[in-house]
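Same chain, two forms, each on its own as structure tokens: structure 1, then structure 2.
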Structure 1
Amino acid sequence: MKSIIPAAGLGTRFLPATKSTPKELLPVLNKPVIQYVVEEALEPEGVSEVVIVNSHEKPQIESYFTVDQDFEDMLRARGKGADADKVHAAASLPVTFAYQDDPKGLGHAVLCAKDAMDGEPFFVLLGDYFVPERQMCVNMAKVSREHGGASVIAVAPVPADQVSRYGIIAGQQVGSLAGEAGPEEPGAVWKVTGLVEKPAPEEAPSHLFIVGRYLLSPRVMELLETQGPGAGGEIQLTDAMQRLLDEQEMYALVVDPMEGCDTGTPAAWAATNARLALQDPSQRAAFYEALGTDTI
């Protein structure tokens, strides 16, 4: 099994910084965002490789995941062996690349990785959001196994007045991973009957939005090959998933929205850096000192 990370976008929200540095390589503490996502993508049992769907305009990402022996030797010669080990570990992660040089939507990005999927189920992880504890995809795989290998998506509750900003699921709760989770509580498992893109509040079938983590049947790749343009004139992954529901079951796992870290906007990226600095005992005191305070 493999995981796909779409990463071909221009990162326009971060311009001018992303003119020369892909947004996926912007650091959260001492690692770029995409390394957190790759490590998360490799966490579920059976995932052997991550395919990053990149653009040829962003060779820096491929360079990051390529061993640079001269650089490592230089670090070791300067007595920075621990740093060299970190650089080598990142560059040695099992990452390959597919390319999307003419972006036509998320569905098109996923389809660009089709030849690498070997006709097997696959994960899709959006690259501007990562889960530090790396258990979201692990739990999704568990739900899939418990339901005959069905597709599973991660969802989280959103206030009723915000449903029009997201893709919302329709369906009903059919169980929970552990305990007696309520319908919108973490761990609740839903059987999905429909996917509604940005519904009006009065028309929303639930208050659960798709978080950006998918475990999908290989049939989705076949459907994407014939998927026409949808919202925004782009090939939408949710449109192919809606067609999949006519043929196969699909489930959703409710997750805690605070389980993950958003880096999709400058404000969210800055907040994620602050959040992880406060959670890291080796960084917390220095972070407070840099702010000129001993509390927030």
Structure 2
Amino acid sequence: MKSIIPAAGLGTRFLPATKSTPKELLPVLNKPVIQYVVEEALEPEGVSEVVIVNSHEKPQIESYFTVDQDFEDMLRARGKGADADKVHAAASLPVTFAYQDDPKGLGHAVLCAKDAMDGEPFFVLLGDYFVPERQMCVNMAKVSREHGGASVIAVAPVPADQVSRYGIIAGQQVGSLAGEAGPEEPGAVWKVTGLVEKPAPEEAPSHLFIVGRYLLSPRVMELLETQGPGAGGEIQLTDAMQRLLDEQEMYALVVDPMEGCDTGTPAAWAATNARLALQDPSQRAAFYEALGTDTI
């Protein structure tokens, strides 16, 4: 089983930085954002490989995930063995690439990885967000197992005035992952009866938005092949999933979005750096010292 990370975007929110550095390689502390997502994508049992859907304009991502023996040898010759080990570990992650050179939307990006999926269920992890503890997809796989291998998406509550930014689900709660979660509390499991991409507030069927973690039936790939453009003129993954509902069951797991870190805008990326620095005992003191304060 494999995971897909769409990464072909231009990263316009981070210009001018992203003129020459793909946004996926911007670091959070000393690790590129996409490495956190790759490590998260490999966490569920049975996931053996991550397929990054890249554009040919961003070869730096491939370079990062390719072993460079000369570079590692140079580091070791300078007594930087621990750094060489980190570089090698990242480059050795089981990552392959598919390409989307024409940005036609998330559904199209996912379809670009179809041949690599071997007709099996697959995860999709959007790369502007990562979960340091890596348990969100693991929990989704658990919900899927409890429902006969059905597709499962992660969702979370969003204020009514923000529904038009996201994919929104319709459905009802059918259980809880553990304990007794209320309908919009983390751990609640919903049976999905509808999905709509970027609805107007008065048309949103609930306040639960798709946070960007999907475990999907291989049938979605076939549906994407005939999926026409939807919201924003783009081929939407949400629209193909809506069509899947005519044929197969789908479930949603309510998660706490703060379980993960947002890196989608400069402000969110900066906050994520601060959050991880404060959580890391080896960084916390230096972070406060650099900030010139002992609180934040």
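What you see is a predicted model; the values in this text were computed from it and never measured. Each form is matched to the other, and the largest set of C-alpha atoms that superpose within 1.5 Å is called the rigid core. Numbering runs along the sequence of structure 1, starting at 1.
Asks: Of these two copies of the chain, point out the form predicted alone.
Replies: Answer to the question: structure 1 is the form predicted alone, whereas structure 2 comes from elsewhere.
Asks: Taking the rigid core as reference, does E180 move its C-alpha 2 Å or further between the two structures?
Replies: The answer is no; the displacement is under 2 Å.
Asks: Cα of P218 displaced 2 Å or more between the two structures, core superposed?
Replies: After core superposition, the displacement of the P218 C-alpha between the two structures stays below 2 Å, so no.
Asks: For P199, is the CA shift between the two structures at least 2 Å following rigid-core superposition?
Replies: Comparing forms between the two structures, the P199 CA shifts at least 2 Å.
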